[in-house]
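Shown below, as structure tokens, is a lone chain in the form predicted on its own; questions about how it binds or moves come after it.
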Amino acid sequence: MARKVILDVDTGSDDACAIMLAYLHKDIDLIAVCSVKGNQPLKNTNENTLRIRELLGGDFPVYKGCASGLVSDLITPRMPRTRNVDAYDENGNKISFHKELFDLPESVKKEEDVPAPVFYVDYLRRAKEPVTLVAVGPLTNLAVALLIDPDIVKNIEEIVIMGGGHHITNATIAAEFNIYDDPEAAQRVLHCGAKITMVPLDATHSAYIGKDTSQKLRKINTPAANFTADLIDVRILVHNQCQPLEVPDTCALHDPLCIAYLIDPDVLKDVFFCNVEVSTSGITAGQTIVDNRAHQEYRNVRFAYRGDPQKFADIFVEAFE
């Protein structure tokens, strides 16, 4: 039976790939997609989500979420986010991981009237069976829903989070972007009592995707496959110039790795059940502090240190086929 999933996104390029993988794979029943501010302002992440839905010809509802963090926009000083190094394509045009808006037609069908956190509360209160939440942006929507009604956790089968990092960071010297963008929300979610699996940068950088995958997608030659191949090729260019991975001409496709884990848990390696806390102040704001000690009194997160690149690529291409 397909696994029921609600996806929470701040739709940039890898979020788009996660939406498409979740919608297209037979083992996932995509119940809804919720947007949140993150890679871009909320109006853009929401519109990008809607454009991906129309590219797919999908009928899943989209719920517009939170436009700012719980308190992160009100608190100073914090370690400022590291400025990205500029990257350019072969024609000298400036490129980035995430465009403000995708080069797709403007959406016709819009989001639902209910805000995302209210949708979570209403849906989970009435759910007849547990549902999996996959959060690949800042965790604000989930945190607000849990503040409204902590008891909804009883109908959550698992929360899968793309976020954090132990050996690898990107937003600051201490933090990965999704957690950095709303560390208070992350700390709230990590202690909600649900089963939580965290897919950090350590895992996504080791489950790299290369040009061979984008070439396979182009051979499938559907609008979704071709668009995804374009996203992958741009991410490879940006990684090569700004954040080279261990294997050249590859990229980290962070968010869809969470979906791949639901399809085949073995795509994640070196997964440890441990205590993970989030720093919310100063130079370490947004840092995921992972307790690697053998004897821990409290454990709240399954933290993945590695991913399997070949298994990930196979899962990804299979869905588009």
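Keep in mind that this is a model prediction, so the values were computed, not measured. All residue numbers are counted from 1 along the displayed sequence.
The next section is about a form of this same protein that is not shown, the form predicted together with beta-D-ribofuranose.
Answer range among 113-121, 162-170, 147-155, 187-195 for contact with beta-D-ribofuranose, defined in the model of the complex as heavy atoms within 4.5 Å:
Selected stretch: 162-170.
Joint contact, 136, 177 and 255 to beta-D-ribofuranose in the model of the complex, by non-hydrogen atom at 4.5 Å
Per the other structure, all of 136, 177 and 255 touch beta-D-ribofuranose.
Answer with yes or no whether residue 45 is in contact with beta-D-ribofuranose in the model of the complex, where contact means some heavy atom within 4.5 Å.
No, residue 45 stays farther than 4.5 Å from beta-D-ribofuranose in the model of the complex.
Residue 225 versus beta-D-ribofuranose, in the model of the complex: is there a non-hydrogen atom within 4.5 Å?
Residue 225: no contact with beta-D-ribofuranose in the model of the complex.
Residue contact check: residue 143 to beta-D-ribofuranose in the model of the complex, 4.5 Å heavy atom:
Although beta-D-ribofuranose is absent here, residue 143 would stay clear of it in the model of the complex, with no heavy atoms inside 4.5 Å.
Please check if residue 239 has a heavy atom lying within 4.5 Å of any heavy atom of beta-D-ribofuranose in the model of the complex.
No, residue 239 stays farther than 4.5 Å from beta-D-ribofuranose in the model of the complex.
Ok, 229, 201, 131, 209: which has a heavy atom sitting within 4.5 Å of beta-D-ribofuranose in the model of the complex?
When beta-D-ribofuranose is considered in the model of the complex, the option within 4.5 Å is 201.
Stretch 34-68: residues contacting beta-D-ribofuranose in the model of the complex, 4.5 Å heavy atom cut-off:
If the 4.5 Å heavy-atom criterion is applied to beta-D-ribofuranose in the model of the complex, 34-68 yields only 39.
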